[in-house]
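Below sits a lone chain in structure tokens, taken as the form predicted alone.
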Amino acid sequence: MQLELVSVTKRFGQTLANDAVSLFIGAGEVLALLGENGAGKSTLMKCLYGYYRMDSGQILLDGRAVSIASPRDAMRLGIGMVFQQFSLIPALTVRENLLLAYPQAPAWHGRANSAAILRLLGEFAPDIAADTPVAELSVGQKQQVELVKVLNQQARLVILDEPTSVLAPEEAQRLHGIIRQLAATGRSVVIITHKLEDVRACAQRVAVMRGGRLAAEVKETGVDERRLVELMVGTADVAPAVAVLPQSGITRLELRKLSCRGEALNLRGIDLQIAAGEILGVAGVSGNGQDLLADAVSGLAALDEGEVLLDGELLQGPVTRHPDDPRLGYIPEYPLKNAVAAEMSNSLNLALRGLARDPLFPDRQRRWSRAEDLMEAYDVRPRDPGLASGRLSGGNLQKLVIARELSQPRRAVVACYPTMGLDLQAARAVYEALFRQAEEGAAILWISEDLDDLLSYAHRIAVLYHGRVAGVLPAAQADRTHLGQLMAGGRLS
């Protein structure tokens, strides 16, 4: 399949998301689509997939003009897309999820009749058992199942939106292998990404978008990483500020024998202390309890045992939960799951933490002005306080939550993959906001699967394995080898 976008333009109100973008995608090619948040990458690919209708332009398939008015049209033409937010049903098995999405599912869903549906699962994800409940899968495995869903629909062009944003290094390497395998079978692949590692691992060509336009196209063999960064964000100086040292040895946030039940895994006997001004990183292969830990500390998940103390006062316990305590900031892994109301406006979502304390007749103009200031300060695009937050891209939705949670002083902050899906410049701004909170005395619990970042900026690193703390190391004494041993369930040598 050869596909060409010709002068594609897409507007959202006054915002020009795609400005006459033309792009060619060759058969069997892996194209990396790079750019900062709001550059128009995802919008362009969603126009190609029929999720959005372009305002003007053409799509040529093997030289022939085609009309794509919906995802159904795109799938009929052999175009599939795997989004950042998965659409699997956790309570169903892998087999059942694949059956639901199969175009010609058999009338009787027995094992023999589902052989065709599972063929590609065996080819691209042989380690995943068909009868495993999706709730028990890791993030990387769920992504593989989503990919098989798309391939079952005879996709010849596969679009992957930020596919490695929440994957552990081993899972990312496995996905890179699958992408190369797809290209070897003649399929075309477009990777929407911010990560230069994705480019190095499997891309043959790179297209860089900036400000809704195509800024440059280069062959992978000719990639100069510093030049790519300059094309994306305008400067190659994107390293975050250096993390501060703890202000004192006084414990600010304490987890005592914390135990909590999750859908696929339980937390058991978590003991952690974080000093005022300290950044404690939490590492672990995806699916080992990191998201449950974040929900437990923030009061969104009920504790079976143990307690969370803030400055010596009970914050969360088996019969006490304070998810709305203004002293605690919380940045979740998936904002739409438990941090943002998709149908509410940006201005209301930015004021969400204080709505219950608003007067009967709130000052709406003041709320609007504050939203404009925050959206400018944290570069949330489009900067429209009245826009429903569900219309934002994944990266801009993340920045909206970060603007709300880090724009005022907190005693403690739980940051769960805070830079997921963010470009380099936006990630730097998030780090600096976290470090400012630490400088002002906040205790930071920072959950991440990016070991390089944790080693560079955390003061100590705790490793979670099967819902338990496998070990805690000072960052200055840790390295990828030691952390990898703990993440795999081993002991330090």
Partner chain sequence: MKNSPILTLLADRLMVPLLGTTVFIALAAAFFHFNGYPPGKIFVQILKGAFGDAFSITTTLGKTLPILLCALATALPARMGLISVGAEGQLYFGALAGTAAVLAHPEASAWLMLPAMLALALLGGALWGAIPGVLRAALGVNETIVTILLNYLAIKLVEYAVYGPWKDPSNLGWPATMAFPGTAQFPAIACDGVASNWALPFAVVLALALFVLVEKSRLGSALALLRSNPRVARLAGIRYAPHCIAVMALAGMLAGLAGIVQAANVQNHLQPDLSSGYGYVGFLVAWLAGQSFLRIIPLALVMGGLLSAADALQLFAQLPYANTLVLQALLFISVLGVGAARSKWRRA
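Residue numbers count along the first chain shown, from 1. On a predicted model such as this, the values are computed, not experimentally measured, just so you know.
Below, we refer to the form predicted in complex with its partner chain, which is not included among the displayed structures.
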**Asked** Counting only heavy atoms and a 4.5 Å cutoff, which of 148 to 156, 80 to 88, 176 to 184, 339 to 347 contacts its partner chain in the predicted bound form?
**Response** 339 to 347
**Message:** Quick check on residue 249: any heavy atom within 4.5 Å of its partner chain in the predicted bound form?
**Reply:** no
**Asked** Any of the heavy atoms of residue 73 lying within 4.5 Å of its partner chain in the predicted bound form?
**Response** no
**Request:** Please run the contact check for residue 101 against its partner chain in the predicted bound form: heavy atoms, 4.5 angstroms, yes or no?
**Result:** no
**Prompt:** Taking 4.5 angstroms as the cut-off for heavy atoms, does residue 323 touch its partner chain in the predicted bound form?
**Reply:** yes
**Prompt:** Of 275, 352, 125, 172, which residue is found within 4.5 angstroms of its partner chain in the predicted bound form when only non-hydrogen atoms are counted?
**Reply:** 352
**Prompt:** Though its partner chain is not shown, can you say which of 284, 140, 394, 332 has a heavy atom within 4.5 Å of it in the predicted bound form?
**Reply:** 332
**Message:** Taking a heavy atom within 4.5 Å as contact, would all three of 118, 399 and 452 count as contacting its partner chain in the predicted bound form?
**Reply:** no
